Ligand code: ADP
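Listed next as structure tokens is one chain, alone, in the form predicted alone.
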Amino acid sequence: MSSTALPQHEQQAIDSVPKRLLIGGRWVDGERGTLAVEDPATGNTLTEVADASPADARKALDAAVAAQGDWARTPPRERGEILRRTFDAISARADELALLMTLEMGKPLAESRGEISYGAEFLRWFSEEAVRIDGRYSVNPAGGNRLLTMRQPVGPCLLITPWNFPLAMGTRKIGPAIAAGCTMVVKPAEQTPLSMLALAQILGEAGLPDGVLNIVTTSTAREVSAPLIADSRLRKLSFTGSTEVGKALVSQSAEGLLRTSMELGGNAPFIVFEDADLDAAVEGALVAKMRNGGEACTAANRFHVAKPVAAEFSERLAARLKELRIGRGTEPDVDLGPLIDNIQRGKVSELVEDAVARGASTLTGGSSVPGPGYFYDATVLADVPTGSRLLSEEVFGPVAPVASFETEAEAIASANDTQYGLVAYLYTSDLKRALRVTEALETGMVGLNQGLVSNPAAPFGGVKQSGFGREGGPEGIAEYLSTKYVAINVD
């Protein structure tokens, strides 16, 4: 990778962000020097940030542990006001933060602005939840004694966030932790640390006390995370990423019986019945498939379409995808940015080639885009046969494989034929069918006649090997609280 001069406004966005570790309220250098942050649209180095060692991470946990007692005693209203001030600051700086995100992750500016707005909403939501942490007081059913329950912060947390939504996946974890009264060590993805560093800076400016939030950026995630997970002072682990890594982290966390939240891989089915509004289904498919260029765990990964409308749906979807403009996300009118790196682009190519070799038809796209950066064409594959890897593996790219079905039972069986269970999408005009199918789908979330399910006021999470725990909604703060029961003798 090489460095090239950036336009002044892009350089200013990068220069405005700290590049060091945040430990105990101080920005400090990492023991291992620095790691490069790459622009996926060009392959060039944008900047360098501190590269933390395991020793750096232990210092971050020391700071979180030291701050935990005072932070837990901070009035809920104060915690909520810090979150609200951060929400306001992020909203005011949305354009600057969106540019920063586009530079390090690649998504078009319009999508980055959407993520900034979405991510900020978690801070507003949990600013309101901070003052609603409750308990209960009741009479022992047998009489005499009283039962008191209270909810208290779990304690120091390790939060590990992914590269595909570099700000929103942070606010979705940091928001409830702050609201609940937990301190934390956050390890952002190596590819996209800048958005998290910017968020930490804003939280500090909003009044978050030193040591409550600590940031470690590193090129050796497993080496840095392992000693923290093994430390008896850590009480919770929250991770968003692949199922493979999630399983390893759960195994490591078992020794200390940590509270864990795992938001893992997905293989979302998108089901279209013959009675569906095809116009709405195609528009919903564009949202469910192409949001973030397909690099989302909620992205529609396989399209199961009723045989009578499968060809028309495929052709109409292909026509819409052909209209998308590919380019660097900072350019005007770009609809589709690059994939995160060449490894990810290689995986997408491999899965498409497998499906085509098995007999799938390419209606549009189907290949990498030459030139600098890691671009891949928006792709629609029709008549994808059973056994194609695209139907069982998460593609994480702008590829829509379409397979047909003949009966409702077949559609449900195909949708559930996966180890994953994060989200499913369903289009039908039949209310009874909608209820039957949504109840039968083995997923944590369902988009019924809509292609977007994420909402800060709703619980986000999956079943099966898509993980456990929920983020967002009233359920989100519960992940950071422990329940204590007190038996009271009143006789």
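In case it trips you up, residue 1 is the first one in the sequence shown, and so on. Since the structure is predicted, the reported quantities are computational estimates derived from the model, not experimental observations.
One more form of this protein exists, namely the form predicted in complex with adenosine-5'-diphosphate (ADP); it is left out here, but the text below deals with it.
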Answer range among 322-330, 266-274, 114-122, 184-192 for contact with adenosine-5'-diphosphate (ADP), defined in the model of the complex as heavy atoms within 4.5 Å: 184-192
Full three-residue contact with adenosine-5'-diphosphate (ADP) in the model of the complex, heavy atom 4.5 Å, for 161, 221 and 241: yes
Close approach of residue 215 to adenosine-5'-diphosphate (ADP) in the model of the complex, 4.5 Å, heavy atom: no
Distance check, residue 404 to adenosine-5'-diphosphate (ADP) in the model of the complex, heavy atom within 4.5 Å: no
Residue 86: touches adenosine-5'-diphosphate (ADP) in the model of the complex, heavy atom cutoff 4.5 angstroms: no
Proximity of residue 127 to adenosine-5'-diphosphate (ADP) in the model of the complex, heavy atoms at 4.5 Å: no
Proximity to adenosine-5'-diphosphate (ADP) in the model of the complex, single hit among 99, 245, 363, 334 (heavy atom within 4.5 Å): 245
Interface residue in the model of the complex among 249, 355, 399, 317, criterion: non-hydrogen atom within 4.5 angstroms of adenosine-5'-diphosphate (ADP): 249
